[in-house]
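Shown below, as structure tokens, is a lone chain in the form predicted alone; questions about how it binds or moves come after it.
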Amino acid sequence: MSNAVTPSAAASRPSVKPPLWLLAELTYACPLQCPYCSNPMEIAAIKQELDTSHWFRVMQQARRMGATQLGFSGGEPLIRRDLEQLIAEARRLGYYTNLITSGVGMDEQRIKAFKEAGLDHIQVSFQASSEELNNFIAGTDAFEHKMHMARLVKQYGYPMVLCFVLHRKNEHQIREILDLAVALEADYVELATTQYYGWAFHNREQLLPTREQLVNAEKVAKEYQDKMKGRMKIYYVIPDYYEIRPKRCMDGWGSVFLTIAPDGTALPCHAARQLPGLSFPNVRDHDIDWIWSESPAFNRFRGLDWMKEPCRSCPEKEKDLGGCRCQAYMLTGDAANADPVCDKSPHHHVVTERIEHVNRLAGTREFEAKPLVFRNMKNSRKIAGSSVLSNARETAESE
């Protein structure tokens, strides 16, 4: 099993369209400790955040290339004291801007300042519908503050956009979650099924929902979609592991989305820095045009020529583009393999066996009591200094 990702000398370079969506991960610092966070587990070792002038240059270069949407994310972007400056510059450049936040660190004064700076959109995340479970998953007493912030977002004329990350610990609350969204007069609700990267992959056994939970969640989501039609848009996606065909990850590697990590590393998706053999460029050293169009890392999985079998001869390859490269690596050890979610993949058993394991043991005292590893700097330092990450990947295929 190869762990290396090496460029194919014979691969022809496909035409490259400019990025449309820029995700600015401003910081990995966060007051919450969500065990499903997609940030890398090595966050404690990632230092030297870009300063304001660096971010200005990134936004300017990406906008010149044609990027139109800009998301401010993290960690928790509210921790950055220059956030208002960044928003104002984004407005000056003509971006449509979206703040993706837990709401912790926000108050009415800051919401006013964001409005004055020209912010278009605020998405507030919740961990559950009840205060007790929300605060347990978040690792801090945040529920009441989130409620207050959500109401203020609505009061100040922003679209009310709520995000609930679903997993086994809160999937039973889906009806209450949607009732909460209705009570808060949400315009959009994202029932964001946990994606198993970063901390979520480490906690996968505790977070994967059961089939019974998914059947109920899908039924309730459809009920509310019908009931709230024309008043509230509800987005619900079945977890990858329960599908038989992979999603077109990020709408294609290096096709639409450009992520800039807090230290300036440029990525085709937020999880890609884990892939071995790829040296992702940094905006401190290269401009966005070269990174997007010329860098070997961004061209590695563009187009179709990089594909191995069964993807290479699959009639659906242009639909899903082979699925997720990070998921392929985490579950098979080779990022060029077919995404194991696909039932045509020779590694599909890795996914089905994991699902069967969860469904067989769910509800047993020992299984449910297994502790979550919460996302914080202490745990990051501990994990980064051990072999847990490599062991998790090595054992994924054998389980």
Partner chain sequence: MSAASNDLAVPELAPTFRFQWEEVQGCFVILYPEGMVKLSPSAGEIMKRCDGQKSVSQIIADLKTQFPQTELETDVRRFLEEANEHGWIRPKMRISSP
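This is a predicted model, so every value here is computed, not measured. Residue numbers count along the first chain shown, from 1.
What comes next is about the form predicted in complex with the partner chain, which is not displayed.
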Going by heavy atoms within 4.5 Å, which of 130-138, 313-321, 68-76, 269-277 lines up against the partner chain in the model of the complex?
68-76
Consider the chain as shown here, without its partner, and state which of 190, 240, 89, 171 has a heavy atom within 4.5 Å of the partner chain in the model of the complex.
190
From 224, 95, 143, 329: within 4.5 Å of the partner chain in the model of the complex by heavy atoms is 95
Indicate whether the partner chain has at least one heavy atom within 4.5 Å of a heavy atom of residue 347 in the model of the complex.
no
Evaluate residue 284 for contact with the partner chain in the model of the complex, applying a 4.5 angstroms cut-off between non-hydrogen atoms, and reply yes or no.
no
Residue 159, heavy atom within 4.5 angstroms of the partner chain in the model of the complex
yes
Contact with the partner chain in the model of the complex for residue 384, defined as at least one heavy atom pair within 4.5 Å: yes or no?
no
Even though the chain is shown alone, can you say which residues of 28-63 have a heavy atom within 4.5 Å of the partner chain in the model of the complex?
63
